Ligand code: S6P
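Below sits a lone chain in structure tokens, taken as the form predicted alone.
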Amino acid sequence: MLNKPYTFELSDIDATMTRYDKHIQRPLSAMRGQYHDVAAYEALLATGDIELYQVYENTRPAAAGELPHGLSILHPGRVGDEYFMTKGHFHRVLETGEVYHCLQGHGMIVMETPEGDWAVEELTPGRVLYIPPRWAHRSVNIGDGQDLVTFYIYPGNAGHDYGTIEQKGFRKLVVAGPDGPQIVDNPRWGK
């Protein structure tokens, strides 16, 4: 990790970042319990543990004032009628926000607060999304055949809480409907 100013290049042509010190590859098996159609999930997993997304990050110390940042590449596809998505998370420090800048593809960000407010925002190239403090967030790739590529930045002391989302998922799901993507209630929240 550099402790002096640095530059790097982002390419929306080939979804690359020229400098990073952390690389995460998230396979389908890491999303067990997150898709509502369990049979479709198990059937797809039986064909192989495919990669859903990658993250390239320039890490920074876990301290206020620092700004970790990186590139997220979410591949296209579906599990049943539900689009490929990231794990999604709250920040451990709820009072921290995050910024996403869409470089490539077509997606949605599903968001919610602990109090039950929710929102879904569309991402297209050039669009920037500010996610306020207290809002959990998950990326969903609704594009046909193209990666959803986003640049993100968040406070160094924010941390990540994946466990809360793993329990029930988000209140809303993005599924393929007859006229395109639809936002529907997550049936796990009714239990």
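Numbering starts at 1 and runs along the sequence shown. A quick note: this is a predicted structure, and the numbers were derived from the prediction, not measured.
Form predicted together with the ligand: not shown, discussed below.
**Q.** Interface stretch in the predicted bound form with the ligand - options 121-129, 152-160, 58-66, 36-44, non-hydrogen atom within 4.5 Å
**A.** Only one stretch passes the 4.5 Å heavy-atom test: 152-160.
Q) Which residue, H106, H89, R78, H75, has a heavy atom that falls within 4.5 Å of the ligand in the predicted bound form? A) None of the others qualify; the residue that does is H89.
Q) Using heavy atoms and a 4.5 Å limit, would one call R134 a contact residue for the ligand in the predicted bound form? A) R134: no, not in contact with the ligand in the predicted bound form.
Q.
Just checking whether E112 would be counted as a contact of the ligand in the predicted bound form - the rule being heavy atoms within 4.5 angstroms.
A. It does not: once the ligand is placed as it appears in the predicted bound form, E112 has no heavy atom within 4.5 Å of it.
Q | E82, heavy atom within 4.5 angstroms of the ligand in the predicted bound form | A | Answer no; every heavy atom of E82 is more than 4.5 Å from the ligand in the predicted bound form.
Q. Along 98-132, which positions have a non-hydrogen atom within 4.5 Å of the ligand in the predicted bound form?
A. Counting only heavy atoms within 4.5 Å of the ligand in the predicted bound form, the contacting residues of 98-132 are E98, Y100.
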